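Just the one chain here, the form predicted on its own, laid out as structure tokens.
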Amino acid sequence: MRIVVFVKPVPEAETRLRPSADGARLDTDGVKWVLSGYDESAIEQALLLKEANAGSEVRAVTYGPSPRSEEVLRACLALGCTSAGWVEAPADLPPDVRLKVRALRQAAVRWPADLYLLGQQSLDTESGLLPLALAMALGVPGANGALDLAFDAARNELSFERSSEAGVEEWRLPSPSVIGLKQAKNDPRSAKLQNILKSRKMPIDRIPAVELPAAPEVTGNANRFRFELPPPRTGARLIEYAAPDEAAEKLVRVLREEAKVFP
């Protein structure tokens, strides 16, 4: 079984991003780039499928600029991926999902697979558009929000569950398919030190940006005009107290007499 997991570098959760001086972009200098939680689950699920199906391979693929792309790919190799592929992109690329779909489609042609796996959404934009858009571009079945993913080699079929307002749905799709994963069967594993050291020497296959098809002229692009930090919060007060009952009494008095929250 050949599995390709598409991952995306995202800023570490504790990172405090700030806009550039002109507000046209985010200042990413010094930002630590990591795998998002959903992508970690996708990698874990791919490795579980690899372990359950002898002879399987897992390739991690990302689309983005250097050096953040190499950082996350080596993290995937350290976790146990068989190989890695990088589709180059300029750092100032606009955040258009159609451009990304065209690039990842090129990667899928270069590295065909029985399963194309992604996290259901990235933790920076959280649009959740990519899995189904990529499935449409590849002309294969697709689904998002998958749970409990399994592969039936005899039927060449993928099975999983999805939670919906109507309850839990059971899905079966033929291979190859594109699946956006919500959660793996296990919690994501941690990389061992020996695998981290080994991953630093492993090759990363590359598709240069010049080999990507030229983007067509399209209308209706979503453009970012300006980034601004929210105004600082004001008016906070610290209630001093000696016992919890005193704190509760003071808080209720402030809410009733000053904030006018209570009658």
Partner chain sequence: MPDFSLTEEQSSLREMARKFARTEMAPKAAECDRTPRFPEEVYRKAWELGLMNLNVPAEYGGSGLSALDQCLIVEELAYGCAGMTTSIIANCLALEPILLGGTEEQKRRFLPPFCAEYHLASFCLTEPAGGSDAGAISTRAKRHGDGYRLTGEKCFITNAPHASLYTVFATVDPELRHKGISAFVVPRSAPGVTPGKDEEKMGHRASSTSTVRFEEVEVPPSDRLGAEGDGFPIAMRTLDQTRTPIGALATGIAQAALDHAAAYSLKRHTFGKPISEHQAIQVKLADMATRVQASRLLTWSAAARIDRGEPGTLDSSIAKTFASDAAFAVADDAIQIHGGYGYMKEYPVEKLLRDAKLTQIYEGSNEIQRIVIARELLKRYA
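All values derive from a computational prediction rather than experimental measurement. Residue numbers count along the first chain shown, from 1.
Unshown form predicted in complex with the partner chain; subsequent notes refer to it.
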Glu71: heavy atom within 4.5 Å of the partner chain in the predicted complex? yes
So in the predicted complex, does any heavy atom of Ile196 sit within 4.5 Å of the partner chain? yes
Whether Arg110 contacts the partner chain in the predicted complex should be assessed with a 4.5 Å heavy atom distance threshold; does it? no
With the cut-off set at 4.5 Å between non-hydrogen atoms, does Glu40 touch the partner chain in the predicted complex? yes
With the partner chain taken in the predicted complex, which residues across 174-193 come within 4.5 angstroms through any non-hydrogen atom? Ser190, Ala191, Lys192, Leu193
